[in-house]
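Presented as structure tokens, the chain that follows is alone, the form predicted alone.
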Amino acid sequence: MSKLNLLDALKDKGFKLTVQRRRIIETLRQLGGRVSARDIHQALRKKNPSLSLDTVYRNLRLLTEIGLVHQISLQSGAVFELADDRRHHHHLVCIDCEKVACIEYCPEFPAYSDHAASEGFTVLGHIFEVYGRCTECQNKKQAANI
């Protein structure tokens, strides 16, 4: 998604386009790929030393909730990436090297929403990640066992 589309989407969803949100989006774009909140915070503090890590986390949470940013949970902590023009997707995560691959299929079934409704919940979103070992880590593990 282009920078303007992201910023327009934020406004279209009824949220203010604050300086912090604009800078977080710009920093995610500049750093590229998947980055931690701490990486974003360090990059932003170069221009704004008083910016708190809590502010970065709060804004990332909002941007994730409204679908402009994806959060990926790794064993070492969460990383974030800008949502792009691809449709909603999920991730495969290697438990050893933390390599991430996209799953273009979404296993959202009506049964999940039905069950949530029976428990009194309204589904607002979901995260689905599959953890395992990538080929390289499988080969390393196998070679170490020989």
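Start at 1 with the first residue shown and count on from there. It should be emphasised that the depicted structure is a prediction, and the values quoted were computed from it without experimental measurement. Rigid core (definition): largest C-alpha set, two forms, superposition within 1.5 Å.
We do not show the form predicted in complex with the DNA, though everything after this point is about it.
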query: Option from 101-109, 54-62, 116-124, 25-33 whose residues, in the predicted complex, bring a heavy atom within 4.5 Å of the DNA; finding: 54-62
query: 4.5 angstroms heavy atom contact with the DNA in the predicted complex for G67; finding: no
query: Partner proximity in the predicted complex: T18 to the DNA, non-hydrogen atom cutoff 4.5 Å; finding: yes
query: Contact label in the predicted complex: H89 to the DNA, heavy atom within 4.5 Å; finding: no
query: The DNA contact in the predicted complex: A78, any heavy atom under 4.5 Å; finding: yes
query: C-alpha of I95 moved at least 2 Å between this form and the one not shown on rigid core; finding: yes
query: Core-superposed C-alpha of R133 shifting 2 Å or more between this form and the one not shown; finding: yes
